[in-house]
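Presented below, as structure tokens, is a lone chain in the form predicted on its own.
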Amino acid sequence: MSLAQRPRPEPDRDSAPWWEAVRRHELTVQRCDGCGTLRFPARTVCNRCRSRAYAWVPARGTGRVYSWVVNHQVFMRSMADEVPFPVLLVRLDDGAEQGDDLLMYGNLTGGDVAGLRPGLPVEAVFVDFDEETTLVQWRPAG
């Protein structure tokens, strides 16, 4: 399916640098310059120390399934061929090592819905839908 038939992401002031990195097939997260906390999604202020200083840093693109939902309803006719439609909530390894809950959503690709389980190792996959839009999806690692 082409992205023209799907809802498109709309970058905002905080997320635009992340979408630009994804377009280059780079997974990044914010790191607070005040306390070093990693955070995603992007935001202006650190939840831990309230600092407004941050940098975008590379993430490894690996994690573990924290939770998921499998959509069996056809909410958009243009996506009918994608049902069931699994959406994963992934706990990134980068955050887990620092004790931060660094969570990212994405669709499952290259795996079977029946094989989903908590803690399943996954890796990021970049899917180019057109010249302007790339999405991050997740596949079982290995």
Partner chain sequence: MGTFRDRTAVAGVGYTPFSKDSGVSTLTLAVDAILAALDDAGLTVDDVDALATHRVGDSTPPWVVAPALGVPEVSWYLDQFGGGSVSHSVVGQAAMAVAAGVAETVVCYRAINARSEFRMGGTGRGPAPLFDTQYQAPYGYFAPPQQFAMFARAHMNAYGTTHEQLGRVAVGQRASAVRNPRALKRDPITLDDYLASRWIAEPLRLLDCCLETDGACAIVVTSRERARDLAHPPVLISGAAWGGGDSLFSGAGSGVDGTDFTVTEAARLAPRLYAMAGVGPGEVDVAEIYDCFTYSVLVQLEDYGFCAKGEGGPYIESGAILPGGELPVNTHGGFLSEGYVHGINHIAEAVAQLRGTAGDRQVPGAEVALSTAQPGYVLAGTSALILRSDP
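Being a predicted model, the structure only gives us computed values, none of them experimental. Residue numbers count along the first chain shown, from 1.
The form predicted together with the partner chain is left out here; the points below concern that form.
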Q) Applying a 4.5 Å heavy atom distance criterion, does residue 69 contact the partner chain in the predicted complex? A) yes
Q. Does at least one non-hydrogen atom of residue 132 fall within 4.5 angstroms of the partner chain in the predicted complex?
A. no
Q | Partner proximity in the predicted complex: residue 128 to the partner chain, non-hydrogen atom cutoff 4.5 Å | A | no
Q.
Can you work out whether residue 141 and the partner chain are in contact in the predicted complex, taking contact to mean some heavy atom pair no more than 4.5 Å apart?
A. no
**Q.** Heavy atom within 4.5 Å of the partner chain in the predicted complex - the one residue of 101, 33, 81, 112 that qualifies
**A.** 101
**Q.** Interface residues of 42-79 toward the partner chain, as seen in the predicted complex [heavy atoms, 4.5 Å]
**A.** 42, 43, 44, 45, 46, 47, 48, 50, 52, 66, 67, 68, 69, 70, 71, 72, 73, 75, 76, 79
